[in-house]
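As structure tokens, one chain now follows by itself in the form predicted on its own.
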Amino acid sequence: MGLVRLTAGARDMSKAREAAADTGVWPLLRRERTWGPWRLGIALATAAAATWCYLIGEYEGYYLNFFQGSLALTAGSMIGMLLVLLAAGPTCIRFGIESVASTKPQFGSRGWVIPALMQLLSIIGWNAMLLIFFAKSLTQLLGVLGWLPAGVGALQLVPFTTMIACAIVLLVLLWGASGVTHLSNILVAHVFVGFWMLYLLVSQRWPELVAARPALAKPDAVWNYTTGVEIGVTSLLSWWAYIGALIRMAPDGRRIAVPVMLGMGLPVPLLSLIGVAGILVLKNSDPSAWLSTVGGHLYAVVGLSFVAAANFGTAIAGIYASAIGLRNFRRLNDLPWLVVLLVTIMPVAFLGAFVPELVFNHFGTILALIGVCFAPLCGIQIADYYVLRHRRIDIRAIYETQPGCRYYFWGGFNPAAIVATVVGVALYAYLLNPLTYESHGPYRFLTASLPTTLVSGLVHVLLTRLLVIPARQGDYPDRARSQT
């Protein structure tokens, strides 16, 4: 009996250590990385299948018809997902670390704060929008069920539902990655409900869908198609902020490509087609506004229930990724997991409760700003890992902060990566203004994200070989030195 109790106690201690490990920023050990391909794919698909897909589809439907939009969005999404996987994926899956920690070899032992702020702002913006969508969908559902008091509108419910949603997210994430995966196993059903909604809309409004013309399409068909691809690329570049915290739970990198590309990359364009069809035919991309009209009372109840709930999957993944990223700050790493979660959730709650329409009405700007931030970052990471370091990373050095450590550079910052980021941001803003969507130069043929990714990577390589390596900073291998 004593042996049984001892074994059970050891098992409980092991589970407790694993639970503590996946709420910390330290590299996960192999035994702590328990997600297989299916489990990873389900978690990624649940995170991807949020109602932001409908807004992405709406912006796609402004410029392209249903057929063109489906092709352009799918192509752009898979390209964007591939860039994210190549940038953060190798280091994160190899060492069991999250996205922000993977940038320390490029930006320095203090310079990682720059991508950390990018991650935080991106996730705050996305999650605030998801909670607003949750409020709108919940309001519509209550209206269909006849439970909404007369005179009560969506905006009046946003503060209340935001607080409810944040409380649910907080409770789920107290379990760390286990909370993410347990909820994902339930909410993945939303992916199939989304396909059902798409079938419902397409089958009943097919003639109108074929005849529909995009409202903001320009006479230049090439520009319209390029913009459709760009929307797909920028939408998926935002997954850089999420991917590290999720894929680090898998034991090795040999089997993650398919779950990442199909689980995280493909659902976005497929479910975004709901928004494309909705904006083209019904002039509204939000299913909560047209489900009862197209499918009737019962269909509206089923669909809206999942539309409202689905946002939790992405919000939980986003808050989890952001909280793990904030653990890179030493003071936050020493705090209890609950406190870090509260620090992460509070800005989301503030935006959703007090300025919801400010976020909701500027979705296009948020989308373009993601490209401005993450396209240069992906280019720098890809070039640094494959071209300069030849896939050689020192995991111990990632967690060293003292002067003279391998990734200290100058004062903890790598000027090559910072300058490459600035050049990339300026290039993107020139090619495509994120505020007005006015374009210049080769954008018409190349998009804005792809040239920005390439040029940022090239600038990083050039400055590293001219400045950083001769100064013997950054722990670059001998092969990189011999090429200078």
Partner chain sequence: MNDRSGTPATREQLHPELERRIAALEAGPDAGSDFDARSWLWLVLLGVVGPAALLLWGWFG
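Numbering follows the first chain given and starts at 1. Quick caveat: nothing in here was measured; it's all calculated off a predicted structure.
Only in words, not in the display: the form predicted in complex with its partner chain, which the text now covers.
In the predicted complex, every residue of the candidate spot (72, 253 and 400) has a heavy atom lying within 4.5 Å of its partner chain. Figure note: of the listed segments 274-282, 344-352, 82-90, 313-321, the one touching its partner chain in the predicted complex, with heavy atoms no more than 4.5 Å away, is 82-90.
Proximity of residue 386 to its partner chain in the predicted complex: non-hydrogen atoms within 4.5 Å are present. Contact check for residue 34: no non-hydrogen atom falls within 4.5 Å of its partner chain in the predicted complex. At the 4.5 Å threshold, heavy atoms of residue 406 reach its partner chain in the predicted complex.
Remark: residue 94 counts among the residues lining its partner chain in the predicted complex, judged by a heavy atom distance of 4.5 Å or less. Out of the listed residues 229, 201, 193, 165, 229 is the one that sits within 4.5 Å of its partner chain in the predicted complex by at least one heavy atom. In summary, among the residues 189, 261, 332, 212, the only one with a non-hydrogen atom within 4.5 Å of its partner chain in the predicted complex is 261. Contacts with its partner chain in the predicted complex, taken as any heavy atom within 4.5 Å, map within 27-55 to 27, 28, 29, 30, 31, 32, 33.
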